[in-house]
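Before any questions on how it binds or moves, here is one chain, the form predicted on its own, in structure tokens.
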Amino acid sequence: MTRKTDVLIIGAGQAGLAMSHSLSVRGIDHVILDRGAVGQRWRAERWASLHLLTPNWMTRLPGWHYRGNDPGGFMHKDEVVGMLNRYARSFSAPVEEFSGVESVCRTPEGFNVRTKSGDWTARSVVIATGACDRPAVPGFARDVASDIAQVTTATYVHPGQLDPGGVLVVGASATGVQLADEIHQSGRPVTLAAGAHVRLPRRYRGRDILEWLDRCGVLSEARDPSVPSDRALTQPSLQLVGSSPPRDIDLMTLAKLGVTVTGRLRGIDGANARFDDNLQTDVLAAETRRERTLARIDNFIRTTGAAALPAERAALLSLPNSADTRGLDLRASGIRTIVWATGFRRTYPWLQVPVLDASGEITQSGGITECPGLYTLGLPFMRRRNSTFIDGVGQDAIEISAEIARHLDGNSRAAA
């Protein structure tokens, strides 16, 4: 039997639940479908020690905010799962767990959605499967020698699962630097292949850096329409770690600990790795971004009179332990494992609606696709800088729910 609803939401993470709450407030009938349980990716595709980069007080969703006794702390991934489940129960979110979507097709009346637990029809569909779908491993990974293990951030859990010996971590955004640090602390020699990155202090002038960015309006800035989608989807994340006590993590701190830092990895032939001679250029570019961001905070403090400690600057002058950028013999260097921290791509093998571009990404503007009634939520920089943050996806959900309401109302009038 085919079931019917007005809106189907695909994904029961923070994005899908935020949309569910927003639709509930509007009285719009809907159902959330998920291939697993609520917060499935937080349960199964995150490393064991992961904490949020945002302080607890920034954990805000429509109709919900953090009420615990550690607002300045950083929630562990298991706590995020518990929080999402409590949030879903707080408004009786209509979640159909373990209902993996097998196909989404357009029909004259809207959409037909086939799942592992049955078929649905709906007048609108929201794809809220998030930004972390398929690890973006480069094509040359297939050329790596078979005796060198390869792990992605979707399968890495803890250092104990890795083969004995050195580790090459590829990618220096938040995930890459955190894993390089954790694996190094386990006693393994680590080489980190860095590329473009954004370095910021964890705390600045007496407050968490994200509190300043929140107060300045940086995080909620609307996306510049002139920024191409491919650039928005590949913005490097901040080099931050959520820890108690708060601490900085960047290329300099890792190098001081003994991590070897190289430029961007360009290819591997067997056990021979090739790197770009770009490390110093990327470091200087990161310093420019850092100074521009801190200057914006300084100006906010000056113009608003916000309470703050005196400004301090810690310049990154040089990087010790930098590898020979002409190449590296992984076997001779004792490297037995590669950890790919190179980000993610989205994949929609079940989406049978012509809205995908040549790279397989959904063509959309602010979450609105070219197919009437089909929307996205939770993609990087979709509407604003914090569109992928737990703290930012809620506003996107509220705005897109208004678009959905207009779409449904328009369809109802047309049918009448």
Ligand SMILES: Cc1cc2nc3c(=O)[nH]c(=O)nc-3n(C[C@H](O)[C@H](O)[C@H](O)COP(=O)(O)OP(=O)(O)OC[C@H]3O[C@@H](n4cnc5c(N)ncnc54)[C@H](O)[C@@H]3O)c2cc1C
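Numbering starts at 1 and follows the sequence shown. The model shown is predicted, which means the values in this text are computed figures rather than measured ones.
Another form, the form predicted together with the ligand, is not on view; read the next lines as being about it.
With respect to the ligand in the model of the complex, the three residues 56, 87 and 405 uniformly fall beyond 4.5 angstroms at the level of their nearest heavy atom. Note that among 129-137, 283-291, 255-263, 296-304, the stretch whose heavy atoms approach the ligand to within 4.5 Å in the model of the complex is 129-137. When the ligand is considered in the model of the complex, residue 91 lies well away from it, no heavy atom lying within 4.5 Å. Of the heavy atoms in residue 20, none are within 4.5 Å of the ligand in the model of the complex. Contact check for residue 353: no non-hydrogen atom falls within 4.5 Å of the ligand in the model of the complex. Proximity of residue 397 to the ligand in the model of the complex falls outside the 4.5 Å heavy atom cutoff.
Among 99, 124, 342, 337, the residue placing a heavy atom within 4.5 Å of the ligand in the model of the complex is 99. A heavy atom within 4.5 Å of the ligand in the model of the complex is found for one listed residue only; from 371, 52, 31, 28, this is 52.
The partner is not shown here, but in the model of the complex the stretch 1-34 reaches within 4.5 angstroms of the ligand through a heavy atom at 10, 11, 12, 13, 14, 15, 16, 33, 34.
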